[in-house]
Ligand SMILES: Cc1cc2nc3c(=O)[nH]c(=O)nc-3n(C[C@H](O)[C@H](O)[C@H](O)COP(=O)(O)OP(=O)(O)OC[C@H]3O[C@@H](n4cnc5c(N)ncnc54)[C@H](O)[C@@H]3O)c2cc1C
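Read the single chain below, which is given as structure tokens and is the form predicted on its own.
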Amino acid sequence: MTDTKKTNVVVVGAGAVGAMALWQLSKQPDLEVVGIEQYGRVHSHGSYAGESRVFRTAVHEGGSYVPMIQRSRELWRTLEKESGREIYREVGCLSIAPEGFPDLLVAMRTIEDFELPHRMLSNEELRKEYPQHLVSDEDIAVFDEQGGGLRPEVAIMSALELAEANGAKLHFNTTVLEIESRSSGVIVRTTQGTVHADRVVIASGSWSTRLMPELQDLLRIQVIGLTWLLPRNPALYAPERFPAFLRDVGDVHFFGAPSFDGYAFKACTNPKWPVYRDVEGVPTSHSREELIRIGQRAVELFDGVSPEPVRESVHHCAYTPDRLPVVDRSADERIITVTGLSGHGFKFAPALGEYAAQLAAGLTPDIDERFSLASRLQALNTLGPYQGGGH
């Protein structure tokens, strides 16, 4: 990239939210759109990577998220139609926990309030229909009929290709060094030159604090570990027979997805990693002890699996204290920020990208007021320590 003329919108980051924002913005024929990504086109460094993500409408985060998840579901289907690729496998999602478990109660209340399609499974029904799960006598389940598994890398590739086909100019392997708002617009300085834009969308995930120092106190980088297990009979863990799942046993939380590769299924639980101020400190793999512990625990929860994970990867995400995201624009309305997805943002990525695109186009979408930066900073002052986890 050499120094360019002024453009309408620059999107910094081409990951989950950035790719979706680029896709939406590129549909507006009167806008010139530029995307800048520090890595290549679809990579393994971002929070979205890892083959699959759990999608659920009976969200444990509460009913205020349901309209956003329903809109995201519509947009996932639209992305599939426009790209011709399968992204969203609607195989359902099982939430398994002892009766009365708090997250399960929230999900059940959400289902009731929004009349979401679902099934309640007793302990006996759960054991009969999904014998892959080794459950205790206290366990019950909610089957979210519209839940399932998302293919994140396929989704990002599809959104970026559609954005380019619509005229967006994308620049990869280009790091943004500085963003400066002026009366004449926003100056975006990169390792490959400078762009002058009317508005800028910052969708740089765990790297957001490097571009916006005011987020330093708000955000923490938490580690998310992913592991895949090999069953003796992979057919039992195929999407047609094994839904996406969340499992809670005491203080242990597992989440995962069916076998999309034909031989292993995803089953993850996070070690007790510390939180970080910057991505640079995040570990790049599980320790041997961590993998042994995860495998041993998995054998207690899933039937016919080898205790040795056959694949593993380590990722990260920017968290806020109460796990609500930041979706806001600056006082001069030139810089839009979407960050702090807190480990559960990918399922909402299309709606968040749409919010960002609407804000960048000068519109005022109906966004939860709690997502404002001012609200997030207030939460920082009133809430306790950061909590781990995510899926």
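It should be emphasised that the depicted structure is a prediction, and the values quoted were computed from it without experimental measurement. A residue's number is simply how far along the shown sequence it sits, counting from 1.
Beyond what is shown, the protein has a form predicted in complex with the ligand; the following relates to that form.
Triple contact flag Lys27, Ala155 and Pro350 to the ligand in the predicted bound form, non-hydrogen atom at 4.5 angstroms: Spot residues vs the ligand: no contact at all.
Taking heavy atoms only, is Tyr65 within 4.5 angstroms of the ligand in the predicted bound form? No, Tyr65 is distant from the partner.
Even though the ligand is not shown here, does His315 get within 4.5 Å of it in the predicted bound form, heavy atoms only? Residue-level check for His315: yes, a contact with the ligand.
If we define contact as a non-hydrogen atom of the residue within 4.5 angstroms of the partner, is Gln132 a contact of the ligand in the predicted bound form? No, Gln132 stays farther than 4.5 Å from the ligand in the predicted bound form.
Contact label in the predicted bound form: Val59 to the ligand, heavy atom within 4.5 Å: Although the ligand is absent here, Val59 would stay clear of it in the predicted bound form, with no heavy atoms inside 4.5 Å.
Among 119 to 127, 133 to 141, 315 to 323, 292 to 300, which stretch sits within 4.5 Å of the ligand in the predicted bound form, heavy atoms only? It is 315 to 323 that comes within 4.5 Å of the partner.
Have a look at Leu226, Cys93, Val305, Ala264 for me and say which one sits with a heavy atom within 4.5 Å of the ligand in the predicted bound form. It is Leu226.
Contact residue in the predicted bound form, from Trp207, Tyr88, Phe254, Phe242 (heavy atom within 4.5 Å of the ligand): Contact residue from the list: Trp207.
Can you list, in sequence order, the residues from 37 to 60 that come within 4.5 Å of the ligand in the predicted bound form, counting heavy atoms only? Going through 37 to 60 in order - heavy atoms within 4.5 Å of the ligand in the predicted bound form - the hits are Glu37, Gln38, Tyr39, His43, Gly46, Ser47, Tyr48, Arg53, Val54.
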